[in-house]
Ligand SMILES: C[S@@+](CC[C@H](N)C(=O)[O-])C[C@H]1O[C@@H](n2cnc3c(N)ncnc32)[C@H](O)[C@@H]1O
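Next comes just one chain, in structure tokens: the form predicted on its own.
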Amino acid sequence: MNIYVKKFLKRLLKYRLTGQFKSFKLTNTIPNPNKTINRIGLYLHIPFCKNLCPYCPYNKIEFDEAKARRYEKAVFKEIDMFEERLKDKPMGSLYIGGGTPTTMLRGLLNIIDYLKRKFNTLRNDICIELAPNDMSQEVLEQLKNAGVTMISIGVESFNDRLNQKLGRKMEGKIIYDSVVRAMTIGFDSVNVDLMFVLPTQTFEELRKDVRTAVECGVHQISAYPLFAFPYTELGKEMKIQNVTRPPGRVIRRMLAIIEQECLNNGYVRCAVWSFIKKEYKKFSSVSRHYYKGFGASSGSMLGDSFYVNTFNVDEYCKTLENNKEPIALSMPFNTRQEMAYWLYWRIYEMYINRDEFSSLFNKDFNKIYGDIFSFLKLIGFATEDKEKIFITGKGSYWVHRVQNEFSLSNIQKIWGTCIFNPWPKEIRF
């Protein structure tokens, strides 16, 4: 497709979804959210890792004991700042990401306990991302005792050769044993993340990875193609200027293998890249429409505003030690933009609940977005019943491919800037 035609179509779709042609703008201002929110989720970011994977696009630094203790105290101060605003508000789930959260296990457990004491309505799922090389029996039992109900394990691959290609210092047997160990603890949901379209990965190697995950008995399998971001070590090595995607035909063929193996073993599709056993709860980081994030680089979505904390751990700690909010960038949201934000993540989860939309926005979904989904139904990318619209298996890749045109470039602009500049003045996207 001609690059100018592609840009025009992107701008046209952006206008249709958000009601504006012009660029969005994040600025270094402290927002003053005042929208009434009936239910809110929490996010906690722990940026420390023992080994920094060269392909990982997330905000992380090498673990340091003194820095971790300082970070724990800073998170406490940020929680204190928001106690009055969030106290007694009905809470959704708590999601903990990283980094590798368990690298600072004692501090992590202290923060979980502090959140539960400060927000006594936090009685729902506590979900956490784990790395296989930090999942001893003791660690898993302590997480379970702290109230963690759902875990996601960054397996990526059980294959030693492919892990070496990724620059990971993990053996397949250790990864396998960690997953099996987690299944014995009794979490409500155990998800494993697999990566595909890895350098030199064959179709049979991918098939074996999926079958190994199935053999472990995990409740959910999520698989993601390897994207290369310019600011990661992998991106620097490749000397790329923009986010690089593997060829679409290879992604589709490998996704078909994943889908076939999962469906043949009793899993059903629950998101673009995810498959779950019907009787278990879905592990997802995108199910919280409104959420408050704590920690360096955490985002917050409060209806009429979105903001992100500084990515720099030292700056995050220093700002809170000076009793200031560590917000680096913020952006006001109007109702139409919030609708588009909500819709983006519901499409990712493969279904749209029209009643939920009406409850949130007091609008008829069909009047706002009905024509878009009529077209998707016409070409076989969507179906519907009285309450919901479903993205079909046929449409899952292509609908998400369109989403990537917006999300990957925006992530690159925001994260790629914030990783190198603790306090950017402005980002347009």
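Residue indices: 1-based, along the sequence shown. Remember, it's a predicted structure, so these values are computed and weren't measured experimentally.
What comes next is about the form predicted in complex with the named molecule, which is not displayed.
A.B. asks: Name the stretch: of 53-61, 356-364, 385-393, 398-406, exactly one has residues whose heavy atoms fall within 4.5 Å of the named molecule in the predicted complex.
C.D. replies: Partner-contacting stretch among the options: 53-61.
A.B. asks: May I ask you to state whether S178 is within 4.5 Å of the named molecule in the predicted complex, using heavy atom distances?
C.D. replies: No.
A.B. asks: Is there a heavy atom of M195 no more than 4.5 Å from a heavy atom of the named molecule in the predicted complex?
C.D. replies: Yes - in the predicted complex, heavy atoms of M195 and the named molecule come within 4.5 Å of each other.
A.B. asks: Can you tell me if R168 lies within 4.5 angstroms of the named molecule in the predicted complex, counting non-hydrogen atoms only?
C.D. replies: Contact with the named molecule, yes.
A.B. asks: If you check in the predicted complex, is V75 within 4.5 Å of the named molecule, heavy atoms only?
C.D. replies: V75: no contact with the named molecule in the predicted complex.
A.B. asks: Considering T100, Q220, T319, S298, which brings a non-hydrogen atom within 4.5 Å of the named molecule in the predicted complex?
C.D. replies: If I apply the 4.5 Å criterion carefully, the residue I get is T100.
A.B. asks: Could you spot which one of L109, L226, V272, I251 gets a heavy atom to within 4.5 Å of the named molecule in the predicted complex?
C.D. replies: None of the other options qualify; the answer is L226.
A.B. asks: Would you give me the residues of 356-377 that have any heavy atom within 4.5 Å of the named molecule in the predicted complex, in order from first to last?
C.D. replies: Heavy-atom contacts to the named molecule in the predicted complex: nothing from 356-377.
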